[in-house]
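Same chain, two forms, each on its own as structure tokens: structure 1, then structure 2.
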Structure 1
């Protein structure tokens, strides 16, 4: 028997334009982040989010049809910042600096740089592991474009586009699994192993971090 997967209402209704509307949406997003972490996603109703933001639930529904849509927007903003961070770090990469920069980026990813780690876990569970993830299309491709540029700048001897596709998917899968399923493995040793995986796959030497 086929299993029916219920689609979630995850697309934002309209974009705020006026300063007051922008401020309201920011308040809603910040309130939702607090409620998701403090009360858990299941208990985080739109009424509770609106109350925490100090606005009416009707005002919330002007911009978001559901809490799923708010979660998608929170994750979208985090991922936009992540693409910008990766692009900035890799802007002047070369063969020598490739390994150290990769290590720093992986550390940022695993420590959820720019987002509350508990919120990051909620968003992975409630967006990336549900039908709401279709609202996030394009993120991996943007990262791939950045990685392709870095591989070219580093003169890596491999198919840049294929390598970028593989690296982005592998690293994101590991990061998401560790954050949600095996947080105890989120250690400097994991950063080391992922660095070896990425840098070794590209064909460069990996500088080992002394073990304590």
Structure 2
């Protein structure tokens, strides 16, 4: 969730009304994220979300036209945050720094602070049923584009597009599974392995750590 903050707080500042509005929207989104993860989309009633945010249902509908709209916005922010995070990390990557930067990125992603795959999992199916489907589908593509850029900058010797497609799925899948289902596996060893997997696949050398 932390991921999805930066982008926002931009416009509007003076009018206390707008400030209140913003605060309410934030409160609602955070409450919704909590309730969605805890109860699942179906059981997350708008009343419950509003209550969790400390406001009335009526107010919720003042800011979001529907329950779906909340999910869409939540997913959008989540994804934007994720893309921004990855893009920022990979901004200055090159052949030499590739390994360490990947490692750092993986560490970021594996911190529950930087990513909330449980939320993603709850939302994805619902949002895809939405008219916002189009918009949402761009997400992986945007991530891929960032990766393609990094591969190009590192002059990796493989099909950049295909590799980016694969890498996005690989990393997200492992990270999500670890964070949601196997927090026990969230260790430096895992980071090592994933780094080795990625760097090796891309074709750069990695010194193997001797097996325990």
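What we label the rigid core is the largest C-alpha set whose atoms superpose within 1.5 Å from one form to the other. All of these numbers come straight from a predicted model, not from anything done at the bench. Positions refer to the first chain, counted from 1.
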query: Index of the chain form predicted alone, chosen from the pair; finding: 1
query: Threshold 2 Å Cα movement between structures 1 and 2 at residue 101, rigid core reference; finding: no
query: Shift of residue 152 between structures 1 and 2 at or above 2 Å (CA, core fit); finding: no
query: Threshold 2 Å Cα movement between structures 1 and 2 for residue 186, core superposed; finding: no
query: Rigid core superposed, the C-alpha shift at residue 128 between structures 1 and 2 in Å; finding: 10.1
